[in-house]
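One chain is shown next in structure tokens, namely the form predicted alone.
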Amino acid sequence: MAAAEREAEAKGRECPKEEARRRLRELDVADKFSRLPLPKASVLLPLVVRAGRLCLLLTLRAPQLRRSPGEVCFPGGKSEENDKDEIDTALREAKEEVGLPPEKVEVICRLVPGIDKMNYLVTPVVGFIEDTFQATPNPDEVSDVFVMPLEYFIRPLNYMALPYKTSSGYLTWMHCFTYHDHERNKSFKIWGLTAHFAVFLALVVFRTKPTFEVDYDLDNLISSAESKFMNLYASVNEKKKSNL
């Protein structure tokens, strides 16, 4: 690869904030899937620029939690009656879990949702936060908070793909990343729906082919993501009908 091409690729990976903001807004699904008859949850995907690179803030769930203890996830949780929409839910949960004030989040978009193992419709809300933000984890819910380069989700150092069957019987592949934070000498495993959302976010922002296989049409990212989601939703509905 020529030097000029390498430089262009490096700039694309870093992807300045303005360019990332523009690309994300192009793929905003807004409330397109909000009326689907499933219980609702939201997560916040907090983007932060550090040393000119886009990074992602994630949390480690507290070990005493009943569901998914000790797993890496994004701030988020179930919708509550007073939440106006998925954005409200994500911002409220982020404040409760890591002390992030809603007014300190520049909300950019909602991306194609996922369905978790409890058949909740989980909407990823993407927003920028300032590098000066200091998390104050709620020990009842969060045991650690860390930041990692978004690029890791297209060019990982430690990755595997595992076959995975959803609760509805839908067969897919699950991304599984291991990230080592050298500054704190800690390793984190990111997998499941969290990894799914992080990979899609990185694909939207960087617009480049990852070093591993993904089941999206990279030339038609939004349409292929929506099609994949609707196939999953259809399989959930079929499973419900078969249980009646």
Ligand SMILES: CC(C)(COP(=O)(O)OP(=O)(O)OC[C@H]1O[C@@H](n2cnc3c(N)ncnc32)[C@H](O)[C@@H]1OP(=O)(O)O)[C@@H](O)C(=O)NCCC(=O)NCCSC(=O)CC(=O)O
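Heads up: residue numbers just count along the shown sequence, starting at 1. Only a predicted model underlies this, so the values are computations on that prediction, with no experimental measurement involved.
We do not show the form predicted together with this ligand, though everything after this point is about it.
The site on this chain is open, since this ligand, superimposed from its pose in the model of the complex on the surrounding C-alphas, has no atom within 2.4 angstroms of any backbone or C-beta atom.
Between the options K95, R155, K78, K104, the residue in contact with this ligand in the model of the complex by a heavy atom within 4.5 angstroms is K78. This chain lacks the partner; the member of V145, V122, L111, I129 within 4.5 angstroms of this ligand in the model of the complex by a non-hydrogen atom is V122. Note that among 45-53, 189-197, 28-36, 211-219, the stretch whose heavy atoms approach this ligand to within 4.5 Å in the model of the complex is 189-197.
This ligand in the model of the complex is approached by L65, whose closest heavy atom lies within 4.5 angstroms of it. Using a 4.5 Å cutoff between non-hydrogen atoms, K117 counts as a contact of this ligand in the model of the complex.
Residue contact with this ligand in the model of the complex: R207 places no heavy atom within 4.5 Å of it. Residue contact with this ligand in the model of the complex: Y164 places a heavy atom within 4.5 Å of it.
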